[in-house]
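The chain below stands alone and is given in structure tokens; this is the form predicted on its own.
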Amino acid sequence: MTKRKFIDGLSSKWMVVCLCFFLLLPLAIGAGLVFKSMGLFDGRSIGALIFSSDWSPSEGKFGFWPFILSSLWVTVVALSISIPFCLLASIYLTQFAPRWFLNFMRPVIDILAGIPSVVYGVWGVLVIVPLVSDKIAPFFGTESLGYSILAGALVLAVMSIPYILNMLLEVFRQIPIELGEASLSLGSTKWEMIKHIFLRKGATGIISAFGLGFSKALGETIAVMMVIGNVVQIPSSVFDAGYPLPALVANNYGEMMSIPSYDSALMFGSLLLFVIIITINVLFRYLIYKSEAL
């Protein structure tokens, strides 16, 4: 065997090993969480754990429904805020803005993406929480301490925007400009060209960007934990405090040794978050498949 063939064979095997590692990693994480959660199932059904709202670890009551709803509330509200901003900003930057402005905005977006989440959390405590309690809640005729689902969603929306915006810019950049020029030459307006060419051709990438943004937002911990209130209750409005699953695990992991089954409960909370993210990814993959079939 020549040296060249030996290096080729070694490179191929190394790439297969790397691929297998990434394929097996989610399975290993899921299996580990299931194994660590098994202690919680003694005398408790999965349905009771998921849909119960009784949370009292010292009495052996572990109901995750308030945490699941808080996670979904803050994530859905955050994406409802960030998606229109990202979509319109990406369209403007790629279709209307001068080239120098796009080149100027790219490093700005990268800087926003690189800011640590704890800095966003501090900014949320200093700016967003007072804004919600003093301005937004009174505007809607209600009262709020500011530490709420809305405060968490606003911070999360700002954190998600750089990631989603970067992906959308790449999606629109990959669409051949000749398609748009052909549409304009046939009499389309600029907006009709964007609607029928860029949004339709980029539908798959747009859905992927929103799906990744959703998964990232759902798992964010520190910044959301600092502004959402961390109150175990079922939120009835965006001005109520909440307690998402990542914050539950991060806040209580050090206390688990003193309370029986608390360790398994926190691992089960992580497992729920893991399953929710997988379910969301499968849903977005289905939407991508349907958009490709159109």
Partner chain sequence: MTLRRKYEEKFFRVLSAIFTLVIVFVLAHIIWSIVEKGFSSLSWDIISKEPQGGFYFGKEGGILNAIAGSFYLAICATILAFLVSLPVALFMNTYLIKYGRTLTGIRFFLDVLWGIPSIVYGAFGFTIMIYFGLKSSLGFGILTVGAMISPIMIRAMDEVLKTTPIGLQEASYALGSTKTETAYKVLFRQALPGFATAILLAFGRGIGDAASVLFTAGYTDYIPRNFSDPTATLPLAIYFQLGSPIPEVQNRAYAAAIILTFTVLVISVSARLLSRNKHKSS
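Residue numbers count along the first chain shown, from 1. Fair warning: this is a prediction, and the values are worked out from it, not measured in the lab. Just so we're on the same page, rigid core means the largest C-alpha set that superposes within 1.5 Å between forms.
As for the form predicted in complex with the partner chain, it is not shown, yet the points below apply to it.
> Would residue 246 count as a contact of the partner chain in the model of the complex, using a 4.5 angstroms cut-off between non-hydrogen atoms?
Because a heavy atom of residue 246 falls inside 4.5 Å of the partner chain in the model of the complex, the answer is yes.
> Report yes if any heavy atom of residue 139 sits within 4.5 Å of a heavy atom of the partner chain in the model of the complex; otherwise report no.
Result no; residue 139 lies far from the partner chain in the model of the complex.
> Look up in the model of the complex whether residue 221 has a non-hydrogen atom within 4.5 angstroms of the partner chain, and give yes or no.
Although the partner chain is absent here, residue 221 would touch it in the model of the complex, with heavy atoms inside 4.5 Å.
> Check residue 61 for me: does it contact the partner chain in the model of the complex (non-hydrogen atoms, 4.5 angstroms)?
Looking in the model of the complex, residue contacts with the partner chain do not include residue 61, since no heavy atom lies within 4.5 Å.
> Note which of 237, 251, 233, 52 lies within 4.5 Å of the partner chain in the model of the complex, where distance is taken over heavy atoms; exactly one does.
Of 237, 251, 233, 52, the residue with a heavy atom within 4.5 Å of the partner chain in the model of the complex is 251.
> So if I measure heavy atom distances to the partner chain in the model of the complex, which of the stretches 69-77, 90-98, 174-182, 200-208 falls within 4.5 Å?
Going through the listed ranges, the match is 90-98.
> Select from 162-192 the residues with a non-hydrogen atom within 4.5 Å of the partner chain in the model of the complex and write them out in sequence order.
The stretch touches the partner through 165, 187, 188, 189, 190, 191, 192.
> Superpose the two forms on their rigid core, then report whether the C-alpha of residue 26 is displaced by 2 angstroms or more between the shown form and the other one.
Yes, the C-alpha position differs by at least 2 Å between the shown form and the other one.
> Would one find the Cα atoms of residue 285 and residue 110 closer or farther in the model of the complex than in this form, where their distance changes by 3 Å or more?
Residues converge in the model of the complex, at least 3 Å closer.
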